[in-house]
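Read the single chain below, which is given as structure tokens and is the form predicted alone.
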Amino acid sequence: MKTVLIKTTLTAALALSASAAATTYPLTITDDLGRKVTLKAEPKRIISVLPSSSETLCAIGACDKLVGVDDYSDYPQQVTKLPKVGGLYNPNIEAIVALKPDLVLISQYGKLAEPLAQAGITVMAVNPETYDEVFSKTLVLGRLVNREAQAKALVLKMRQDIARIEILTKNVVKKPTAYYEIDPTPYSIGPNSFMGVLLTKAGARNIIPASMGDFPKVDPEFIVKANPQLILGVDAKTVAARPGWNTTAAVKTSRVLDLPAGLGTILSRPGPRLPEALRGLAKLVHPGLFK
């Protein structure tokens, strides 16, 4: 009798929770282009032109709503089977329209909003850029697609997984100064970007000051003068060929590390694999913690 009562209570609680979490439509949200966008009903046919949005939708149980993705969405494996609609700066608008979406998730960059709106398609810019926005935009996506409870659960899980890694790296005595290269131009990451926050959480000290911005192009002489103890994102041979870089502590101690296959992609996506990205980065910075 007691078991039946517990099951009944639990079922009622879950039903109440699901009901409370259901999105009410029509739903009006101000998107990342500053536009007020209204969804008249729960979207059933969605196109995502950002890999991070594609991954987030799948992580909150809305993968089956996707009918098309951008050329770079490749995770989870399910999205690789969907029609491709181009990239951020070379979208195939005809292909997007032909798929008859009731919602297209775009970046605030590129120029997709106007032509698609003119075609009568609902367009929403959801574009996380900071560490905190990775979580807040996940909740926005959950609300858009009527998966609020799943989005909240995902955010909680991500924060818990990140906290477990931070326990290992937070109290490390020797945190190396680090330069992280995302492009050989060279471009790097500022401490306030989501990638910069991950680098700090991984137990490194970023040589790039916040005043340079989130993803600055850096003068190579600045990097030589900063003398990082760790260089990430580029191989040792390339670094050794650059004028003056062989004088850095990172080169002298063989602490120049290219990223393992796949990690660079995960690190560049402000989405649900943030904890996985942090763990991979922390292993490079402090390999001894993960033996």
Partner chain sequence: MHDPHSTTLPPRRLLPRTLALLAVLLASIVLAVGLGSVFIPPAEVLGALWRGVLSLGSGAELSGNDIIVWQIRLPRVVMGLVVGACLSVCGAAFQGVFRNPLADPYLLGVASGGALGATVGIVAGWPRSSIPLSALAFALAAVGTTLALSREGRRFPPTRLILAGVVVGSVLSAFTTFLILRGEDRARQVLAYTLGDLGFSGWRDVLTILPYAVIGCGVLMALARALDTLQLGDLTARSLGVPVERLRLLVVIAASAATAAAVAYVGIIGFVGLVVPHLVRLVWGAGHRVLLPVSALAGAALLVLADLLSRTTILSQVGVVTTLLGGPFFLWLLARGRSD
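A quick note: this is a predicted structure, and the numbers were derived from the prediction, not measured. Positions refer to the first chain, counted from 1.
If you look for the form predicted together with its partner chain, you will not find it shown, but the lines that follow are about it.
Contact with its partner chain, judged by heavy atoms within 4.5 Å in the predicted complex, is confined among 240 to 248, 253 to 261, 56 to 64, 31 to 39 to 240 to 248.
Contact annotation: of the candidates 136, 185, 77, 171, the single residue with a non-hydrogen atom within 4.5 angstroms of its partner chain in the predicted complex is 185. For the options 176, 110, 115, 220, the one in contact with its partner chain in the predicted complex, meaning a heavy atom within 4.5 Å, is 220. Although the partner is absent here, residue 224 lies within 4.5 Å of its partner chain in the predicted complex, judged by heavy atoms. By the criterion of a heavy atom within 4.5 Å, residue 160 is excluded from the residues contacting its partner chain in the predicted complex.
Contact annotation: residue 95 falls outside 4.5 Å of its partner chain in the predicted complex, judged by heavy atom distances. Residue contact check for residue 88: one or more of its heavy atoms lie within 4.5 Å of its partner chain in the predicted complex.
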